[in-house]
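A lone chain, given as structure tokens: the form predicted alone.
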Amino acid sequence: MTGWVLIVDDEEMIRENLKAYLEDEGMGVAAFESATLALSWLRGGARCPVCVMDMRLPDMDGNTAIRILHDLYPEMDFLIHTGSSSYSLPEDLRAMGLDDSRVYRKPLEDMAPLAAAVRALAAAREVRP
């Protein structure tokens, strides 16, 4: 895989468990509790093809964070990891290519489908000679 998987989730246990699972699957992972910290990391030159975004964050909502990240890093793909049972994708995020298959509800009983989605999105972003 090229680059890192970015996790943005303010719940430490969820963030760290997801990070550990993806690392065990052989992925490079950077995990942050806020969109602001994730943006600082990316502005430092990090390359990240996939972001797993929570919707409730301390500094901004996940939809806003995805909009900002998409504007700054249009090559990045997104998966949504939310505890909200009523979450619905806004139309502008759908226009970016997100659909309901990219929304994962907490708590995940099995992280394998999310890991497979991360792997597939990252592989699609790899540059081949």
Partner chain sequence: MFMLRRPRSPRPPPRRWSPVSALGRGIRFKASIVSPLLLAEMRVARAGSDVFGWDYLVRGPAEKVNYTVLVLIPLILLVVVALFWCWLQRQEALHRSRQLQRELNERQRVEEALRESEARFRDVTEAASDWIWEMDEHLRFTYLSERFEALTGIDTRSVLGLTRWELAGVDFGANPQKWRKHRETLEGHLPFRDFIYQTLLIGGQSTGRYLKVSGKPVHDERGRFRGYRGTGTDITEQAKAEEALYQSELRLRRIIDLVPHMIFARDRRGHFLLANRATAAAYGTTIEALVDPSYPLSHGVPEEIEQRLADDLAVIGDWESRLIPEEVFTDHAGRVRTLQTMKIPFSEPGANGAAVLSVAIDITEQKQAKEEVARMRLYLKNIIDSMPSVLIGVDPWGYITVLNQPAEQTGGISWEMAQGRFFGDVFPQLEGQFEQVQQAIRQGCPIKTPRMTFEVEGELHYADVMVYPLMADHVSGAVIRIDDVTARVRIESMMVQTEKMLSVGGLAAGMAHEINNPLGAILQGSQNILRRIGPGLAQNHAAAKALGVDLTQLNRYLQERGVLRLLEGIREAGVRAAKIVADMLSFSRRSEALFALVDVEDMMETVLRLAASDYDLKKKYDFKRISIERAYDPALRAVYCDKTEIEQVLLNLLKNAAQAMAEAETPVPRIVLRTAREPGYAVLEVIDNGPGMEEKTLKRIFEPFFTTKDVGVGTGLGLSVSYFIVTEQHNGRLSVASKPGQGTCFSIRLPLVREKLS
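Residue numbers count along the first chain shown, from 1. What you are looking at is a predicted structure, and each value in this text was computed from that prediction instead of being measured.
If you look for the form predicted together with the partner chain, you will not find it shown, but the lines that follow are about it.
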{"property": "Partner contact for Arg56 in the predicted complex: the partner chain, 4.5 angstroms, heavy atom", "result": "yes"}
{"property": "4.5 angstroms heavy atom contact with the partner chain in the predicted complex for Ile14", "result": "yes"}
{"property": "The partner chain contact at Ala120 in the predicted complex, heavy atom, 4.5 Å", "result": "no"}
{"property": "Residue contact check: Thr36 to the partner chain in the predicted complex, 4.5 Å heavy atom", "result": "no"}
{"property": "Segment that reaches the partner chain in the predicted complex - one of 77-85, 63-71, 28-36, 42-50, heavy atoms within 4.5 Å", "result": "77-85"}
{"property": "Those residues of 103-122 which, in the predicted complex, come within 4.5 Å of the partner chain by heavy atom", "result": "Lys106, Pro107, Leu108, Glu109, Asp110, Met111, Ala112"}
